[in-house]
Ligand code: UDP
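The form predicted on its own is given below as one chain in structure tokens.
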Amino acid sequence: MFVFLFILAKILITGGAGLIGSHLTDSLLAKGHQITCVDNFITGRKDNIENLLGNANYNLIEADVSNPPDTYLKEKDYQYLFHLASPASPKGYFNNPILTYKTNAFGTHYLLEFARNINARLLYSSTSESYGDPLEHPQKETYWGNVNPVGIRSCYDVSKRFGEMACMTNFRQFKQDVRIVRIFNTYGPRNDPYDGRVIPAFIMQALKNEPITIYGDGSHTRSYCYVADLVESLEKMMFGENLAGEIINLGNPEEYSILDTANIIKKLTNSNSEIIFKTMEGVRSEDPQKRQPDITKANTMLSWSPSTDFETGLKKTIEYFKKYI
């Protein structure tokens, strides 16, 4: 049976200035927890956590989590560690490939050791990219994936798979309480408007009445989860009992083609933008053609499913992005 524990705790969040990390921080602070955020602001944004800097229950540490925690953490009495750090957009990890694999590989290893030594629970944020360009659709947690180990995206997807391996090795070797979530496309306010991902790029182009640029023919698909729903699932995964060693997909199973995504955003922004098509190249040349989570495990083990419909979430996101025009 799933039990959700509302326990006041000291919590460490790596990547806490990112889209997901900053919203998770807000939610946990509102429940009375003490939060330490570690971020190097390579892709995280100080704007996302600026309103928290005067909060007595919030501590910000600017550091690179690919280094041992003893080099940047003075306190060692955390009960929970959310390891969310890593560039997550193709632009982010294409521009920072070595830092990306160091964060997901070395950083995960060091944080596992740190968590084990202080008897803290660790949640590792993996990714739908672990499935690569999937041959199974929708993707279940039992699917091993179709990943190019030497491709242009491998600094991200292969290192995320390494992190999963490290977590499960420590779970088996030491019975360590680690949990793995494979996060599918997430969007919402605080998305970096210039990180190159589909929804931020389309919204910014639409608001400026610039051409909405699709790479490929627009038939490839994504499934988009609103950030508040994703945060709820992360909390349930972390604070639920009897979930050590579990791997669970988190995302919204509603599937949209990229062309449908562009048309919906164009409609909601009342944009005059033209939709144009370009050839996939660079990091986009290995774009997965299908992406849809099977969330049966999240339904049954976490009693969770997303509740925000796509257009409702987009309207909130569009409103946020207007300040960047």
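These numbers were taken from a predicted model, which means no experiment stands behind them. Position 1 is the first residue in the sequence shown; the rest follow in order.
Missing here is the form predicted together with uridine-5'-diphosphate; even so, the following discussion is about that form.
In the model of the complex, Lys266 stays away from uridine-5'-diphosphate, with no heavy atom inside 4.5 Å. Proximity of Phe171 to uridine-5'-diphosphate in the model of the complex falls outside the 4.5 Å heavy atom cutoff.
Contact between Val198 and uridine-5'-diphosphate in the model of the complex is found at the 4.5 Å heavy atom cutoff. Among residues of the shown chain, Gly240 is not one whose heavy atoms approach uridine-5'-diphosphate to within 4.5 Å in the model of the complex.
With uridine-5'-diphosphate left out of view, the stretch that reaches within 4.5 Å of it through heavy atoms in the model of the complex is, among 132-140, 207-215, 114-122, 73-81, 207-215. For the candidate set Asn185, Ser159, Ser233, Gln176, a heavy atom within 4.5 Å of uridine-5'-diphosphate in the model of the complex is found for exactly one residue, namely Asn185. Only one of the listed residues (Asp287, Asp294, Asp260, Asp26) places a non-hydrogen atom within 4.5 angstroms of uridine-5'-diphosphate in the model of the complex, and that residue is Asp287. Along 217-242, these residues reach a heavy atom to within 4.5 Å of uridine-5'-diphosphate in the model of the complex: His220, Arg222.
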